[in-house]
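Just one chain follows, in the form predicted alone, and it is written as structure tokens.
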Amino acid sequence: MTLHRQIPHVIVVGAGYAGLPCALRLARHEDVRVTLVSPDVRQELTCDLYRTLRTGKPYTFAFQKLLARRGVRFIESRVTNVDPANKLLELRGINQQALPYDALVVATGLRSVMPAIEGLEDLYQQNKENLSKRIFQFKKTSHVQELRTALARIGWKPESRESRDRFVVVLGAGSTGIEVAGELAYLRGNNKRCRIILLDEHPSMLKDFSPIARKLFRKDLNRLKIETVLGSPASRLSAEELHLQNGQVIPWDLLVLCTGAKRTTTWLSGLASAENQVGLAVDESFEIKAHPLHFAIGDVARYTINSAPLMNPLILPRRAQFAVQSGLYLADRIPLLFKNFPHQNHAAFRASDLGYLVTLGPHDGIGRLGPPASSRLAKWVSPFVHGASVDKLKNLVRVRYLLTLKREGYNPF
């Protein structure tokens, strides 16, 4: 009598920078079956959304058809519930049946939430029903296209006959907010009537860059006439004004929310620990704590590392390069688990920080090369790039990611 071994079924939820490379790498292993679940049939290269703001060109690619050639089953759906005890995944519209799995990989990213500003939620809901939208998130291509339409409506261009100043407030001075402000400056040129306010509750920007790089960055902001208001959170929003806790009042015509994401989606509540609402706490192998054979990678994973030589606990930064690295690492580890390989036989994950690039339009920007310095003295001599080369390097980063997918058997070119 011939015995047939059942091949373990691995489900990857989410087809972003972490999920898609993970599914493709898993498909290399003949001893696992792979299913990729996502509501989208195209991957948006969100790191290049700032380019879309400039050119209107979307940076996306379709992956559905070619996944089948790699042996990956694709289901276009949203997850509604997960039962980790019985290893069942419920999907919207799939005949109300639960999908069984042997291992689950969560790569959904984090859900955007409104900042806690009085009046923002109400104005945003009114804004959604209004053709003349004024409040925008900056998470996907459709948001960017809506913002481009609004900018044209208010006369955001190098030459304008507007009789008053137009204010675009960018809320959040992380890399996304900075890049949005830089593109806005490029689009308006020398039009002094178009004013950009970059706002953040934190008192400084790009803290892990060298002092020299940060000084050059501030000079670029001044030259581009990007006004910054730092160190005080926004407390209240009216139809025409944004009020800060320090009493300052900022007029606005358009508001762009670049404040990040802070909570996991509802269906993940069965996997999330009560004390952690900003991601799924995972161990050194990306396994969700207290849930064997359930993993989280990319932005949704709260991965704690020790920062040698200081040995202070840090959270792995939520950036695309680490999402890709975690996805490929996990795809090589999971098949070993079903072969009962000892845990120590698989090398621990080591993040490789290649650097951090922030553009200010096509001709300006700043970039840190390599990992952040571990001391104040080292920061002074840490290498960086400045100027138009930053935008060119970010273009190479996108090409590098696409080449990674090609090496995994998927050609997006």
Ligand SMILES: Cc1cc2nc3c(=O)[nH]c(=O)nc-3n(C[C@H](O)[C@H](O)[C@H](O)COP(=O)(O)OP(=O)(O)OC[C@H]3O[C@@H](n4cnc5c(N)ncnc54)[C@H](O)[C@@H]3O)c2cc1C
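Values in this document were obtained by computation on a predicted structure and should not be read as measured data. In case it trips you up, residue 1 is the first one in the sequence shown, and so on.
Although not depicted, the form predicted in complex with the ligand is the subject of the following passage.
Across the proposed site, Arg166, Val229 and Leu360 without exception lack any heavy atom within 4.5 Å of the ligand in the predicted complex. The candidate stretches are 122-130, 73-81, 212-220, 280-288, and the one lying within 4.5 Å of the ligand in the predicted complex by heavy atoms is 73-81.
Interface membership of Trp252, defined by any non-hydrogen atom within 4.5 Å of the ligand in the predicted complex, is ruled out. At the 4.5 Å threshold, heavy atoms of Leu337 stay clear of the ligand in the predicted complex, well away from it. Within this chain, Thr52 is remote from the site of the ligand in the predicted complex, having no heavy atom within 4.5 Å. Contact annotation for Leu271: none of its heavy atoms lies within 4.5 Å of the ligand in the predicted complex. Between the ligand and the residues Gly387, Gly56, Pro371, Pro39, the one pair within 4.5 Å by heavy atoms in the predicted complex involves Pro39.
Screening Trp267, Tyr329, Tyr186, Tyr101 for any heavy atom within 4.5 Å of the ligand in the predicted complex leaves a single hit, Trp267. Shown here without the ligand, the chain has Ala15, Gly16, Tyr17, Ala18, Gly19, Val37, Ser38, Pro39, Asp40, Thr46, Cys47, Leu49 in 15-52 lying with a heavy atom within 4.5 Å of that partner in the predicted complex.
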